[in-house]
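Heads up, the chain below is alone and in the form predicted alone; it's given as structure tokens.
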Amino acid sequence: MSKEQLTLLHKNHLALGAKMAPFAGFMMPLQYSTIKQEVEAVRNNAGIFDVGHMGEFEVVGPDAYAFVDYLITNNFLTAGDLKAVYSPLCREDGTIIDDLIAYKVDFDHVLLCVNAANIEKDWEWITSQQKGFNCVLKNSSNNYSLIALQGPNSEQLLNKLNLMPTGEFEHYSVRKLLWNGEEIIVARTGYTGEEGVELFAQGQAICQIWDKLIKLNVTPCGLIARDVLRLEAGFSLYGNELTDELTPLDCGLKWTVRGEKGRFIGKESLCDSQYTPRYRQIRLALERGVPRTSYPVVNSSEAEVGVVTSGTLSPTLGRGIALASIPREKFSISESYAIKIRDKIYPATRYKKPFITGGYKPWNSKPQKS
């Protein structure tokens, strides 16, 4: 019988009455109140998530940037100082091992944040590719805690806690700061489509920050709300939209494959002029019915042409929404699509853009209090 790991905030979740369940080897909070309340809190105010189950790898040394640039398909070397880069992690044949965010924490220090379910697989792959690079790798997944503060009021909340980095703090930037004597990595990233940050720490500071945010009436949110929010924002999830059998080109992630940069794993396969993406990823919304993963997608002739990769009821839109995959040869831009739910056909509207689009703005913080 497997025993799930506990995050540092486990007791905090129990004290707040969270509904807990196993997820990716961890006991995690699924929800605290209702999904609608938690989603609305993030869209309109602020919510906080424990994402301490995610994996963290550190790459340190003179070749840290070069090694990470070689590992991933996106362009890491040319990203600015103190920036973060989202990218797939691929094999030589272009298939996806995982997707991750790489943070330029310092000039010789990169932090990689990977999916919880893929920690062992990713670590084995990354360490096998290190030859020839002057850097040290460390799996720090058991050392870091991670919380995500998401919502339009995130900036003012960070200022109240003296956690706002000085100077301009752009979207997909990262900073280090000391907070009550502990180093905190503050990254302006997230998985909700809203303003916000993710806070990494290796000590007890995460518990203190969590408690202070709860006292400021920030809504605690669980993994179900997080999944609904990412789907509303049109973000892919490994295991659903991204899999071991697919390449970034099959998943609508062509923008992350930067063929103009130097060598990287999978470049020869992904940049082959003869390569044709095998699937088309689309977004569908229903007036009635709630789509779920694996439900069939049908065309105007009611022939099955694809499958829902992620589906849910959007509290923000009040409609069922879905991400779906259709084989390239069965896709037509002029076609009308529907989703089959329990043998009934529900017409769908195709969205060209994400269902919900957050408005990111520059953050110009005040100097921290002494």
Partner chain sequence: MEFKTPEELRYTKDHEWISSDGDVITIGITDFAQSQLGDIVFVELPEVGTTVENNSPFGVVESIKSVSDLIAPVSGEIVEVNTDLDNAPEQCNSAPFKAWMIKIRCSNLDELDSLLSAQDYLPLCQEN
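Just so you know, these numbers come straight off a predicted model, no measurement behind them. Positions refer to the first chain, counted from 1.
The discussion below concerns the form predicted in complex with the partner chain, not included here.
Engineer: Does Pro315 reach the partner chain in the model of the complex if we count a contact as any heavy atom within 4.5 Å?
Structural biologist: Answer yes; at least one heavy atom of Pro315 falls within 4.5 Å of the partner chain in the model of the complex.
Engineer: Does the 4.5 Å heavy atom contact test between Lys19 and the partner chain in the model of the complex come out positive?
Structural biologist: Yes - in the model of the complex, heavy atoms of Lys19 and the partner chain come within 4.5 Å of each other.
Engineer: Is there a non-hydrogen atom of Ile224 within 4.5 angstroms of a non-hydrogen atom of the partner chain in the model of the complex?
Structural biologist: Yes, Ile224 sits close enough to the partner chain in the model of the complex that at least one of its heavy atoms falls within 4.5 Å.
Engineer: Taking the partner chain as it sits in the model of the complex, is Arg328 in contact with it (heavy atom to heavy atom, 4.5 Å or less)?
Structural biologist: Arg328: no, not in contact with the partner chain in the model of the complex.
Engineer: Specify the contacting stretch among 209-217, 67-75, 186-194, 286-294, defined as having any heavy atom within 4.5 Å of the partner chain in the model of the complex.
Structural biologist: Careful reading of the contacts points to 286-294.
Engineer: Quick one: from Val307, Val60, Ile35, Leu30, grab the residue that has a heavy atom within 4.5 Å of the partner chain in the model of the complex.
Structural biologist: None of the other options qualify; the answer is Ile35.
Engineer: Quick one: of Val114, Ala201, Val228, Leu157, which gets a non-hydrogen atom within 4.5 angstroms of the partner chain in the model of the complex?
Structural biologist: Selected option: Val228.
Engineer: Which residues in 336-353 have a heavy atom within 4.5 Å of the partner chain in the model of the complex?
Structural biologist: Heavy-atom contacts to the partner chain in the model of the complex: Arg342, Lys344, Tyr346.
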